[in-house]
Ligand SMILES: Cc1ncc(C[n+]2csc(CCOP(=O)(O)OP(=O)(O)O)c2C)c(N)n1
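Taking the form predicted on its own, here's one chain by itself in structure tokens.
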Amino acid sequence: MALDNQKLKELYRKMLLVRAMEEKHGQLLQSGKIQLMAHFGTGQEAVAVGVTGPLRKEDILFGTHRGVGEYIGKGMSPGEIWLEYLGKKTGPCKGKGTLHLCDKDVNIPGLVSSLGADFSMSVGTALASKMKKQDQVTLYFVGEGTCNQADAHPSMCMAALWKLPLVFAVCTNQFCEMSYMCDHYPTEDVAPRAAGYDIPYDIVDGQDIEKTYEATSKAVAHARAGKGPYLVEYKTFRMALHFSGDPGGYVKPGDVETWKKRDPIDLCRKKVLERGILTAEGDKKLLEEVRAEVDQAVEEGFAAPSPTAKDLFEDVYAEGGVR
């Protein structure tokens, strides 16, 4: 499915923004200006942005710790993210979440630090939507390593049994933390597990933004129509290491270079240039605009007020205290 020019340009800009955000984070770490560690999602931009593109504002997203892709895709701004990353009082969580992003304004409940625990939480929000008869879909964005956590199978079972409006979006980036997927899986795919619960599934090329967007649109429409859950597996590659201090000795020589030849941003750039959506000069200008937006967000973030000791005790209890 070819996306219309406006939509493709919008998604391309978000992919550039995600890459620029993470490059800036890396630069700040290297220079010692921040101490916030990072789990970059370099090379996975077409998955993160394509997965969130078809969602409505009222739809619920559970994201991962792997970069900022799905958070930008769902509607968070660079400014909001940097305020939280820098622990500022004016951040979406008043600086208390930092790397674990949460934004109630765009229905992102927040990242659970124990990976896989939000399998069951996504079932809970989808069940609530169904019970309240709300036109609302929950999308759980998850990596293949987390799909081996204990909550995965009972969550898929309950979602199928209760026909919940839930999409399991599996980002298979070939790594489970600091080892290859093949060290954890006897199979090459995660998606066929869904068949055990009569959940329909697709496996798609995660480097192509149009294919990720199309597959997610199909899954979201299925869930929204009351037909129950859907699982989509997106094949991609984590061109970054597991975390910012990872020595990376486990990565096989040549793998990163091989996958760089199918960098999702380069593939999308080729589309927008060939279709005349942007000229080479327009593309260069867009990249400059995106980087300037990130630079401004960082500058404003550093200048924003920090929390005080008193702020530690705010939002601990519901208003009115314990009853």
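Throughout, we count residues from 1 along the sequence that is shown. All of these numbers come straight from a predicted model, not from anything done at the bench.
The next section is about a form of this same protein that is not shown, the form predicted in complex with the named molecule.
Per-stretch contact check against the named molecule in the predicted bound form, the hit in 131-139, 106-114, 91-99, 151-159 (non-hydrogen atom, 4.5 angstroms): Answer to the contact question: 106-114.
Listed residue that, although the named molecule is not shown, lies within 4.5 Å of it in the predicted bound form (heavy atoms), from Pro78, Gly73, Gly143, Pro165: Only one option qualifies, and that one is Gly143.
Contacting member of Asn173, Gln207, Thr125, Thr216, with respect to the named molecule in the predicted bound form [4.5 Å, heavy atom]: So the residue touching the named molecule in the predicted bound form, by this definition, is Asn173.
Contact of Arg269 with the named molecule in the predicted bound form (heavy atom, 4.5 Å): Residue-level check for Arg269: no, no contact with the named molecule.
4.5 angstroms heavy atom contact with the named molecule in the predicted bound form for His242: Answer yes; at least one heavy atom of His242 falls within 4.5 Å of the named molecule in the predicted bound form.
Proximity of Glu177 to the named molecule in the predicted bound form, heavy atoms at 4.5 Å: Because a heavy atom of Glu177 falls inside 4.5 Å of the named molecule in the predicted bound form, the answer is yes.
is_contact(His65, the named molecule) in the predicted bound form, heavy atom dist at most 4.5 Å: Answer yes; at least one heavy atom of His65 falls within 4.5 Å of the named molecule in the predicted bound form.
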